[in-house]
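Shown next as structure tokens: one chain only, the form predicted alone.
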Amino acid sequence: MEWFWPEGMYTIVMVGVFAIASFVFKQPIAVALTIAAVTGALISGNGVPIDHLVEGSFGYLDTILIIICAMIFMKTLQHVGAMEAVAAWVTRKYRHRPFLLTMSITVFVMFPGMITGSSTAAVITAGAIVAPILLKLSVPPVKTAAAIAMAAIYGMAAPPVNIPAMIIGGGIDMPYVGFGIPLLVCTVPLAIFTGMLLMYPDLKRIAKSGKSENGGLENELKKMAHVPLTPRLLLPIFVLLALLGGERAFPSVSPSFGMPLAFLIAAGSGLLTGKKWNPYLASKEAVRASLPVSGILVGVGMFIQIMTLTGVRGFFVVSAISLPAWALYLGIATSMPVFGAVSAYGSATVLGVPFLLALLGRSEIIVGSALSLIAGLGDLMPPTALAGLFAAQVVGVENYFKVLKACIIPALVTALWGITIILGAQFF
């Protein structure tokens, strides 16, 4: 009968309005979250609490700044030609060594997601670059799309920027510190497994035959390597590593710039690469690309604020704590990816925080890392399926469900690995 308590009804209404606004009326996720937040405030008798809505909208301002500045950094790498030059160099060097080529391509696709915290950014930047290479190396289009989608999701969950983990940690006032190694443990084994499953067999076959069935690989590589790969071209990456790594390796002597400023300084060093490019145009593209994700975080902040105001957040926590252990783990493995069909960030907000509170007593950092990994699977779930749909588009697969079918085994292994890490967190 607990679902007929006021908080239970508020929960049903808020989640229902959110789903109707996003699925039925096709509203952007940020708008749907805002509508659901306002509706929750109204039915709970709080009117339209402007102060709470404004406070909530600024709840993830730090994360939004990181995303925008990270996207400016990625667009800088694109505009100077570093991304394509690296992809061409890696393919030439390892095309006859399929394992190393598989791992290199996987890391290459993950990299933008690691920097921006967005699987979509990984697909539309690195994914779009490697897709023609994989196709010309005779990897089937469906497998290519699945490999890109999964690598993008693992990149989103990998350090240094993991937005779902930031959201989950923010829900219990846990700073985003110390997540690096747990997130690597969560993602690296899965990235290796998925690459070996989806890309390695075809790359190995082509390496043995000494040719690609589709042909035209050399022409594609020459077109991509229009800018020679030199250390000077990679200067922005070196600067970023120095700024972020130096602060962690030498905290007593290295100045603390913060992630947003570090990304901007690294992007500014792109002016010294010797390649002419337009910083204003790159920044404009970056801000435009980051606006949808930033809008979602504004909506997520308002949604959480009203959940707290109306008692819904506490209701979720009490409900999660009252579940038996087997139901709790089953709920984590199934409900987080399914709810993530609307947004992985929304899943981290609505479900990740209560699940983490239900598992207090274990290492919160390890549990939060695993929950963020499982929430990322929502980017495969239709109808939104951000990572999967964009991967299908860059490869040219019209029927997305073929790509989803190819992702089932990696997704199941990902969910099981996440649950395994949560179970092991009690020993830390």
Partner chain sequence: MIISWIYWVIVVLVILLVVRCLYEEKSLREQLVAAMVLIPLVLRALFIK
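Numbering follows the first chain given and starts at 1. For clarity, every value in this text was computed on a predicted model and none was experimentally measured.
Not on display, but discussed next: the form predicted in complex with the partner chain.
- Taking the partner from elsewhere, P228 is found to have every heavy atom lying beyond 4.5 Å of the partner chain in the predicted bound form.
- Heavy atoms of C69 reach within 4.5 Å of the partner chain in the predicted bound form, making it an interface residue.
- The shortest heavy atom separation between F401 and the partner chain in the predicted bound form exceeds 4.5 Å.
- At least one heavy atom of S294 is located within 4.5 Å of the partner chain in the predicted bound form.
- K284 is the sole member of R232, K284, R92, K275 with a non-hydrogen atom within 4.5 Å of the partner chain in the predicted bound form.
- Among A82, V298, M224, L197, the residue placing a heavy atom within 4.5 Å of the partner chain in the predicted bound form is V298.
- At a distance of at most 4.5 angstroms from the partner chain in the predicted bound form, all three residues Q27, P260 and L264 contribute at least one non-hydrogen atom.
- Of the residues in 27-61, those that come within 4.5 Å of the partner chain in the predicted bound form through at least one heavy atom are, in sequence order, Q27, P28, A30, V31, T34, V54, E55, S57, F58, L61.
- If you compare C-alpha positions, E364 and L33 are 3 angstroms or more farther apart in the predicted bound form than in the form on display.
- CA of G56 to CA of V177: farther apart by 3 Å or more in the predicted bound form than in the shown form.
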